[in-house]
Each structure stands twice: as structure tokens, then as C-alpha cells.
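Have a look below at one chain only, the form predicted alone, in C-alpha cells format.
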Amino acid sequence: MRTDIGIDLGTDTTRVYMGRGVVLTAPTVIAMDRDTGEARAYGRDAYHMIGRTSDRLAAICPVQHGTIADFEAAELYLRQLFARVCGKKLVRPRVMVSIPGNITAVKQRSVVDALESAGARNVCLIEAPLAAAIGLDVDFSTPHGVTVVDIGKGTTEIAVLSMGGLSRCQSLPVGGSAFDEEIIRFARREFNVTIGPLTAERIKKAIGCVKPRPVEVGMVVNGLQVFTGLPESVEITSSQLYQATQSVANDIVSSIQQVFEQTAPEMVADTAKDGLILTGGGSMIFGMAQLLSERLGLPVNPVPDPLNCVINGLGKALTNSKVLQNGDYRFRSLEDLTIE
């Protein structure tokens, strides 16, 4: 019996499609024993250990900017993931996995190698923005330009699709985590208070913005005073965060403009007419769609479920291979990949 699964292996969250729907959503984190190299916790259990581990344990995020950063940790994480979704099935699964649009051949091999070492039989690599378009039922099989901007945790994927594939694509190593880092720097610079990445992410989701909010909101944050090392509480407002997030927002806008400069004017005109498709968890920060529309001078279409577009697209591609017929998307083994 053949087992095919789709994996959206994200910097922040991994989602797995199997059968008729998404069967697993878990943080891409693993807690490992520093002395023995053994895994102690996975997913959400390991996520809550970030910044709270003992000297003996390390909470590791094996995927950074959409690619494998720690091969050993990634293999252990994927092995545990296969055990959870496949159970005791004897057949090794075939895996369709999303990757950044312009990933190098070496990084492609690292993804395939990690999956095969963890238990996959064959692997099919599909670019994340293309998978997102499939998940949204967008028709890009005709000579008509479709632009997708997928703002994830570690990367921002900007792609122009046409004739069933990528016409232009750029992967920017900036995403939701970059907003978190700017919030951490802001708290240290303005209040001399150090906060952790989980706190920064919570602030971003609660009051973060890239456009001024109509009603200013604030949030009390607990951190450590830089000079005394003692706990201290400070209040951060949305207007302060607006100033802190501008550099990251500007990088995203500039990258989209660069992609348009390298794209045929006819396809850019198609996007100006139909609108840019905005997806990914990073697109949910307040004001992102409005900012892009104003700065780029074209309509921006946020999607109803930005977090699951890619994994839904992988699921549809698994059940209907015709959506990938215009591209070279096949299940391969590691030996089939060659480094050019």
C-alpha cells in the first residue's frame, strides 16, 4: 500500500498532509541532550522550552530561512514526525515537501537527504509560492502573470507564476522572525530591557503593526533590566512598534519591486489588474496589505487562511498530479539529484 504525504517544513511550524487533510501541525523545534545527542522533546513541548532549558538541554530550530540548518536535529525531528503520522506502517512514505523558490542544488540535496535518512522512500520538491497558488485554486497554467508573496517566519517568497511554473522568483531571508528581532532590539535600546524571542513574538501578534493603528494600543512586557539583571516591567505601545518594524517592511517592499523590475511588463500589468496575492503568517501583521498596496500602487488580495495555503496546495498536488504537469515535479531519490 502506497503512502504519500505532504510536508510544509517551515522555519516556525511544520504541517503534514495525509489522506484527505492536514493531520499534524507542530512547531519546528526539538530539544536535545547536549551530552548524548538524544532527543528529549519535540514540537510544542520543545517550543515551550525555548529560553527555559537547563545547561544540559538545548532547544534547537533545525530549519532556518526555509532550509536545513542542523542536519542531525532535522533528521531526528522528521523521524519522530513520520512515526506520529505513519504509525507502524511498513511502507516508507513518498514525501512532497515545500522549499524556497530559488534554493540552491546543495540545499535541495540536504532536504532530500534529511527526509530519506528519517524514513522517506522518494521525495518531490515543490516551491512554496507555487504550492500556495495551487492551494488557493489559482489558475497559472495560461500565459497570464500571477504574483504571489508568501511572508513566512524565516523567509519571504516573491514569485511571478505563468504557464504552470515560476517565471521569476526571489527568496528574501527576512520574515516574521525579523520583526521579532527588531522588537527585541527596540526594547533593549529604548528601555534597557532584554526580552526573549517568545515574548517578542507575543508582542508582535498582539499589538504589532507596519501601518499606524487607528486606535493606539499598549502592552505590559516583562524582561530583564540590562544594568541590574533584575526583572522589570515596561509598557510598549503600537506606535512605538510601528517605528521599529519599518526597516523590515521596507526590505519586503524593495524585494517585490526588484522582482517586478526583472519581470516582463505584460505580466506585471496582469498583476496590476488582478492584484497581488498575499499569504503566509507574516502577512497577518496589522497593516501589511495596506502598506504593500500603497507602496507598490496595485491591489493586494489577502487570503482567508494564510497559514495553510502551502500545505493545502501540497495536498491537492498529491491527489491531482495534473496541476504540476507543466513542470519537472517528480518523486526522486537522493541519487537522482545532481549538483550543477
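This one's a predicted model, so the numbers in the text were calculated from it and none came from an experiment. Residue positions are given as counts along the sequence shown, with the first one as 1.
Heads up, the form predicted together with ligand ADP isn't pictured, but that's what we're talking about next.
> Taking 4.5 angstroms as the cut-off for heavy atoms, does residue 167 touch ligand ADP in the predicted bound form?
Residue 167 lies outside the contact set for ligand ADP.
> Given that the partner is absent here, does residue 122 sit within 4.5 Å of ligand ADP in the predicted bound form, heavy atoms only?
Outside the cut-off, so no.
> For residue 58, is any heavy atom within 4.5 Å of ligand ADP in the predicted bound form, or not?
So residue 58 does not count as contacting ligand ADP.
> My question is simply whether residue 62 lines the interface with ligand ADP in the predicted bound form - judged by any non-hydrogen atom within 4.5 Å.
Answer no; every heavy atom of residue 62 is more than 4.5 Å from ligand ADP in the predicted bound form.
> Tell me, out of 285, 31, 68, 292, which residue has a non-hydrogen atom within 4.5 angstroms of ligand ADP in the predicted bound form.
Looking at 285, 31, 68, 292 one by one, just 285 meets the 4.5 Å heavy-atom criterion.
> Among the candidate stretches 230-238, 129-137, 73-81, 152-160, which one is within 4.5 Å of ligand ADP in the predicted bound form when only heavy atoms are counted?
Selected stretch: 152-160.
> Using a 4.5 Å heavy atom cutoff, which residues in 3-31 contact ligand ADP in the predicted bound form? It's fine if the answer is none.
Heavy-atom contacts within 4.5 Å come from 10, 11, 12, 13, 15.
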